[in-house]
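Next up: just one chain, as structure tokens, the form predicted alone.
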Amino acid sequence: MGTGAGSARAMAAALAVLLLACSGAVAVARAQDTERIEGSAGDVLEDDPVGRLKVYIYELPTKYNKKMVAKDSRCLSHMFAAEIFMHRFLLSSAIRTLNPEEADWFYTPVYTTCDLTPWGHPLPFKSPRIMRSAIQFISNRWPYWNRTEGADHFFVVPHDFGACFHYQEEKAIERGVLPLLRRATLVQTFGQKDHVCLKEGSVTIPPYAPPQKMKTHLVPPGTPRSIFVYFRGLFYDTANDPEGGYYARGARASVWENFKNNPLFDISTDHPPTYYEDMQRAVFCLCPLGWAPWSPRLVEAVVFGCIPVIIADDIVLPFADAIPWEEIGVFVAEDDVPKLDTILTSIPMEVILRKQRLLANPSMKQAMLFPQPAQPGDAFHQILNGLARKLPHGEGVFLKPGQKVLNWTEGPRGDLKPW
């Protein structure tokens, strides 16, 4: 337990040999072959979606997408940027069709996270109006939305809580998924079991992390992993949660209170310029929930071969049918955070090394990234694989003539205002 500096020092001394052994073993492992995922997960990860589906891209007025980026280019680099790069990828993808009559899926390129505060944080409050406006446009211009009310359409909604369009869970739950999107397939970063903001059939994806920037921070092969546990980020959000306990459901605060003086834990609110390098020198990287269960740390940990320690109860992880999260990560219940040191130091060396061999597999890293230009097996292709696996559409997708399911006037009054 991380209950005091004295006990932490004693534990650190007792585990010094373990850490050195782990560091040396990892250096050796890096020089060896990586390990491929066995069974269906490995096969799915390497699927090629070309020839398995066709996507029609609606031509929207640029106010829904390109003009937003022109107004604020910061949209291209924040963790919600997948919606922009997915659009750019699809425009030149081999799965695109210019004939809507042969399309399996319809895509509406609307950038709902590109309304930023001066500090660069997306404001979701206009998002429902932007989305409603875009859907109204396509339903008036083409017949395809009306024949299914969106059941053969997909939308990229990378907000904290997806199409619930709010960054605070309580308010997101109160809002629920935007009514007009209830029949559509949502491609979203948010994933939590039995949660109103995760529709059944959604495709859960990783958040955007800048691939080129990450490549420029790679350390030399064989660099020892001399940090046992690493984390950089907030423990408290005093601006939005002044009383504490609500942010991260108290899990981050528990990490800090229990392990701030434990020498095995390199944790801080500072974000050093060596952040990426430090992750490559760490054995375990903490990936706790914040306002939402997910964060870019998950992507960074996988890309840099640092075993992700996932602290987010009931999280639904990206591409879970292709990436064996149980084999590459460590899951710690939020209530068990005070036992984090005991949990991690009890993991056998052979288990740690196998997780690192799996993480060293290039296909694992590729699946978490949105590179430009796109590359085989990357996150773009994993999204298309997920959509292809939903085909053919079931009988309930197409409505009978005159049949209506969705209520266009449902939802908070503010959402119904024109945009």
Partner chain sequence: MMKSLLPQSQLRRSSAAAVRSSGGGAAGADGAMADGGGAGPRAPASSTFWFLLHALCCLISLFLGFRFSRLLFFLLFSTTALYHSTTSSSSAAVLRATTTTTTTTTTTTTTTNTFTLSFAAANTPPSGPANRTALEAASSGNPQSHVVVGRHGIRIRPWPHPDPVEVMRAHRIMERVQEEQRRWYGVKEPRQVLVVTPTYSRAFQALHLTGLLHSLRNVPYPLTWIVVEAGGTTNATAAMLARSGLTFVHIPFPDRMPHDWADRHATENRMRLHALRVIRERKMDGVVVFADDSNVHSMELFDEVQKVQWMGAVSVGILAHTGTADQLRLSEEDKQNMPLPVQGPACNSSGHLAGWHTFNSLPFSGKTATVVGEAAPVLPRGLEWAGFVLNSRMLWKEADGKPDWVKDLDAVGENGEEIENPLTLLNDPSSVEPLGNCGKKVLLWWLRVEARADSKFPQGWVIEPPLEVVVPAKRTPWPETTTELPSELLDDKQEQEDRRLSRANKSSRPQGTTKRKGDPQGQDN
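Residue numbers count along the first chain shown, from 1. Everything numeric here is computed off the predicted structure, so don't read it as measured data.
Not on display, but discussed next: the form predicted in complex with the partner chain.
- Contact with the partner chain, judged by heavy atoms within 4.5 Å in the predicted bound form, is confined among 368 to 376, 351 to 359, 386 to 394, 46 to 54 to 351 to 359.
- None of the heavy atoms of P210 is located within 4.5 Å of the partner chain in the predicted bound form.
- In the predicted bound form, the partner chain sits within 4.5 Å of a heavy atom of F125.
- In the predicted bound form, at least one heavy atom of K171 sits within 4.5 Å of the partner chain.
- The shortest heavy atom separation between W325 and the partner chain in the predicted bound form exceeds 4.5 Å.
- With the partner omitted here, the residue from E200, D270, E101, D194 that has a non-hydrogen atom within 4.5 angstroms of the partner chain in the predicted bound form is D194.
- Proximity to the partner chain in the predicted bound form, defined as a heavy atom within 4.5 Å, singles out one entry of T216, S92, S73, S346, which is S346.
- The putative spot formed by P61, M68 and Y111 is not touched by the partner chain in the predicted bound form; no residue has a non-hydrogen atom within 4.5 angstroms of it.
- In the predicted bound form, just one residue of 289 to 309 lies within 4.5 Å of the partner chain by at least one heavy atom: W291.
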